[in-house]
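So this first bit is one chain, no partners, the form predicted alone, shown in structure tokens.
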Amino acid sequence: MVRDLTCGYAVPVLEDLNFQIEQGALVGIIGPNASGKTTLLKTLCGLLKPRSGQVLLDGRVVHNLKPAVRSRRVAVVGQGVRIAFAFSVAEVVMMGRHPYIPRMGSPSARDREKVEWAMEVTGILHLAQRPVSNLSGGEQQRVFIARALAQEPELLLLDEPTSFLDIGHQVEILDLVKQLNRRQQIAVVMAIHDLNLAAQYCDRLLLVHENRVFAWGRVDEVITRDNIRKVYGQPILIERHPVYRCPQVVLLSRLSHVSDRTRQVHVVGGGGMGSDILLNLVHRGYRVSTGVLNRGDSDWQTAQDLGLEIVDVPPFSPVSPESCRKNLEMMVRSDAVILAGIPFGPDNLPNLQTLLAAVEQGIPVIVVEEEPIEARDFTGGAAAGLYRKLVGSSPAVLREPEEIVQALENIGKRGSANG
């Protein structure tokens, strides 16, 4: 338990921290560079004395414990650990038994048993006699985790355990950490830069920013668009991992807002069929608007995240006459309109009527047709009739969304030639 903790050096780095880590929890500390993640870990393990407040382990103040006692309960794997001498893997792991070996004494049978166990559970027993300096980065990290496990800790602290590792070794190390956490019921706290890996592997997250805990709780509560934008100052989207369904941060380039393009494009989407189109157009520097969308729709959320102008209606509401009027105004102001390959029901059927009105006013329309309209018509044929009329009015019909930008370029060239 962390109670009213302020930690730092000459000046406070983190202030007034209060949170509790349960047995068997896997907690990630996230935050920008220099936000105090490493400082907090050093304080939790007792290496750095708090400026005020307490770190409690089973009711005992960590900083009041003798170093040997503390090392039996809390183990640390630091960032970028290096072994200067040609120690073997077994010798390095045996270093974790120092809190148990009497001064001037020798390792006991239990010490050797625990070292062998630590190497076995971390998958490095076959490397026992190899020099640590000859191992790969992923193998070395396993050695240091094994050394920490040899301490038989209740709490394992990891500082950037995947730094300097490729993606294969990152997953390997974090899989190992999670297995140890679950099977051995060791509480794990790790500082980690990669927000997506943190969301995938951790139970709870502590987001630190501007000397304080900015957010603390379940992954879904911490990895939100507002939290990440406020802390990191970066335009982002939050999506769901396709397999694990945990939140994942999608970075957006700032260059999309400094393009020399000035053309306006309006997108008619819905149900997630327009999100990729919106992202692609914004990334390429187009000024983009969209509608009519139901609030909360996935395309609506993407447009919100991108800061786009939206014509919307309440959730599960039909497209209203007023929203149709606004939608047509946006289309008329645009250099082109794109109709995504959306399904049509009675509620969004008016969008097709508005598109026909835009065509009548000479606005170029690009239709994305990834599957036939008959497979997307849930209006008893009304949508298909309007759709065929729209396509017959000679807009560009595309089979692949990737062709959209080229179609826009062609519209621009024709517009320039006519001018």
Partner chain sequence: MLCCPLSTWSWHCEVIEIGFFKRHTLWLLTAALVLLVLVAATIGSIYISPLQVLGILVHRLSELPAPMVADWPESYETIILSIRLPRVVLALVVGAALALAGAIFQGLFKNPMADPHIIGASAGAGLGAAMAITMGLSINWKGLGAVPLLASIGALLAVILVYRLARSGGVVPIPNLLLAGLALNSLLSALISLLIYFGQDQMHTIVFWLMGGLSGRYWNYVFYTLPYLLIGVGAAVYYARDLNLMLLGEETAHNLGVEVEKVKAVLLLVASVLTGAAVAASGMIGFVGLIVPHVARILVGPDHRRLVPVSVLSGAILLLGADILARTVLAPVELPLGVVTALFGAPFFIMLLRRTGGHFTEAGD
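Residue numbers count along the first chain shown, from 1. Here the structure is a predicted model, which is why all the values come from computation and not from measurement.
Although not depicted, the form predicted together with its partner chain is the subject of the following passage.
*Asks:* At 4.5 Å by heavy atoms, is each residue in Arg70, Met94 and Ile101 next to its partner chain in the predicted complex?
*Replies:* Yes, because Arg70, Met94 and Ile101 each have a heavy atom that approaches its partner chain to within 4.5 Å in the predicted complex.
*Asks:* Which of Ala90, Ile310, Ala187, Val171 has a heavy atom within 4.5 Å of its partner chain in the predicted complex?
*Replies:* Checked against the cut-off, the match is Ala90.
*Asks:* Pick from Leu352, Cys45, Ile29, Ala358: which has a non-hydrogen atom within 4.5 Å of its partner chain in the predicted complex?
*Replies:* Only one listed residue qualifies here, and that residue is Cys45.
*Asks:* Check Ser275 for me: does it contact its partner chain in the predicted complex (non-hydrogen atoms, 4.5 angstroms)?
*Replies:* Because no heavy atom of Ser275 falls inside 4.5 Å of its partner chain in the predicted complex, the answer is no.
*Asks:* Spell out, yes or no, whether the shortest heavy atom distance between Arg147 and its partner chain in the predicted complex is within 4.5 Å.
*Replies:* Heavy-atom contact with its partner chain at 4.5 Å: present for Arg147.
*Asks:* Can you tell me whether Gln129 touches its partner chain? I mean in the predicted complex, with a 4.5 angstroms heavy atom cut-off.
*Replies:* Close contact exists here: in the predicted complex, Gln129 approaches its partner chain to within 4.5 Å, heavy atoms only.
*Asks:* Can you tell me if Arg183 lies within 4.5 angstroms of its partner chain in the predicted complex, counting non-hydrogen atoms only?
*Replies:* The answer is no: Arg183 has no heavy atom within 4.5 Å of its partner chain.
*Asks:* So which of 360 to 368, 384 to 392, 45 to 53, 29 to 37 is the stretch with heavy atoms within 4.5 Å of its partner chain in the predicted complex?
*Replies:* Comparing against its partner chain in the predicted complex, the contact stretch is 45 to 53.
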